[in-house]
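To begin, one chain is listed below as structure tokens, in the form predicted on its own.
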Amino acid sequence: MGLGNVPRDAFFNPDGSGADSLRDVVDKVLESLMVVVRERAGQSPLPRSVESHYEAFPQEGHGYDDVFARLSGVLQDSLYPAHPGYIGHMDSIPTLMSVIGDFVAAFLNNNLLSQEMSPALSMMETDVLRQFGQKFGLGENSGGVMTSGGTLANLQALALARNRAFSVRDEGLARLGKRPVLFASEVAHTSLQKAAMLLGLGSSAVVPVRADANSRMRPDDLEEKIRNAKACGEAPFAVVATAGTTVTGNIDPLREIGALAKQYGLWFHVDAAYGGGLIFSPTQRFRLQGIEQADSVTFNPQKWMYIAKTCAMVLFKDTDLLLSDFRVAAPYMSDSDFVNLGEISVQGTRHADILKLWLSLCHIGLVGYQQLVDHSYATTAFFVDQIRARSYLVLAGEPETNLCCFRGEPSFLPQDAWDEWNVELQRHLSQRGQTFLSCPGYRGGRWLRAVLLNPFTTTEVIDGVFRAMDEFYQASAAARG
């Protein structure tokens, strides 16, 4: 059967003869992106509408011009988190090197399953993650693997903790006489319940520990919950602390929690998916004191390191445990002294996310990342000052990172109308102020959340946000008479 219907430029010719065609395609893509950048700079980061561009698959392929016309619609209808007014979630503008790294990794199409299939990139991942483990203070034998997001990182950490505690890697949980449980803050990420569900423990195996007024786990309640679980005949095996909660960005008291984990013989995992970026700031990393006690750490460079998604990792203090309590050898791979990463990862085939991380580190450097983190704190301080200067706004607690959770409590409205007012304020900011703030449920009400990641979110941009808030407040007050 011939290939007459396959476009001649469907693939890059391995002999390099298609370079001109590739250059033309890249130029067309770049121009399409620049059109979006220019058009959306003065608009809201949210798309004006979302339309379907996904008709039935064509019988015969289209040319580049027709394909790119379809792509243009997708670009226009997509969220634009690079916008300085997009401050609603833990997403931001990607580093240029991470975008380039993704392109190069896709072009190489190496498989991080094994060293045989990704010789340079497998070694890069091992070496770079060893350095990350050391930066977190986990020691000389630390390291880990990249994962497609923090949810999988938490899953793998808890799988290893479970296997280690109960020796169930091969035989499973059926023979256990006690129910395994773990402990996490009541405001910890929901990926922990997913992990417990997938590990056969049931989502209710995650015992919620009360948080204080600043959304930080209370060590006294943790110890009480551990003792209660033991008294009830359950089998505690792990405690998860959070460094950077999703709604408020707060950090659990890691040192105290780590000490309790050690006292009761529990695996200590720290979900630092967000707050882990503080390791780059000599002035702010004190907030992670105690993380060096962790047996495992989740960290997402796709957040505070500005790496294009996805880019996450799970680190272990003792990587030998991955071999003894998690590894499943792949017999279809050549023997090697190098441990194939797919054998010690919850994933097998993986994209080379390590390349964009390494390239960004090479380009920005440790000092550059320090400045980005410290700049976020300066921007956050300015944002918090604006909140405190307005009597109708209240903070959910004291910010510890670059997240501000706050809400309006206008005195001219009854308390049961505040939630609706905050939802309307969010809508007003999106439509009139070219600003997107998220509006999560928290403490039984609706709050506004600002994530001040984007280095292009200047004080001038923030002034504009609060001018729009003041206009909405004044109009609301006037409407009440």
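Residues carry their position along the shown sequence, with the first being 1. Note that the coordinates shown come from a computational prediction; the quantities given were computed from them, not determined experimentally.
If you look for the form predicted in complex with another copy of the chain, you will not find it shown, but the lines that follow are about it.
Ile387 falls outside the set of residues with a heavy atom inside 4.5 Å of another copy of the chain in the predicted bound form. In the predicted bound form, at least one heavy atom of Lys309 sits within 4.5 Å of another copy of the chain.
With a 4.5 Å cutoff on heavy atoms, Pro81 counts as touching another copy of the chain in the predicted bound form. The closest non-hydrogen atom of Phe103 lies within 4.5 Å of another copy of the chain in the predicted bound form. Contact annotation: another copy of the chain lies within 4.5 Å of heavy atoms from the stretch 149 to 157 in the predicted bound form, the single such stretch among 149 to 157, 290 to 298, 390 to 398, 218 to 226. Proximity to another copy of the chain in the predicted bound form, taken as a non-hydrogen atom within 4.5 angstroms, holds for one residue of Ala381, Ala213, Cys362, Leu323, which is Cys362. Contact with another copy of the chain in the predicted bound form, judged by any heavy atom within 4.5 Å, is made by just one of Phe406, Phe237, Phe268, Tyr86: Tyr86. Along 93 to 128, a non-hydrogen atom within 4.5 Å of another copy of the chain in the predicted bound form is carried by Ile93, Pro94, Thr95, Leu96, Met97, Ser98, Val99, Ile100, Asp102, Phe103, Val104, Ala106, Phe107, Leu108, Asn109, Asn110, Asn111, Glu116, Met117, Pro119, Ala120, Leu121, Met123, Met124, Asp127, Val128, in order along the sequence.
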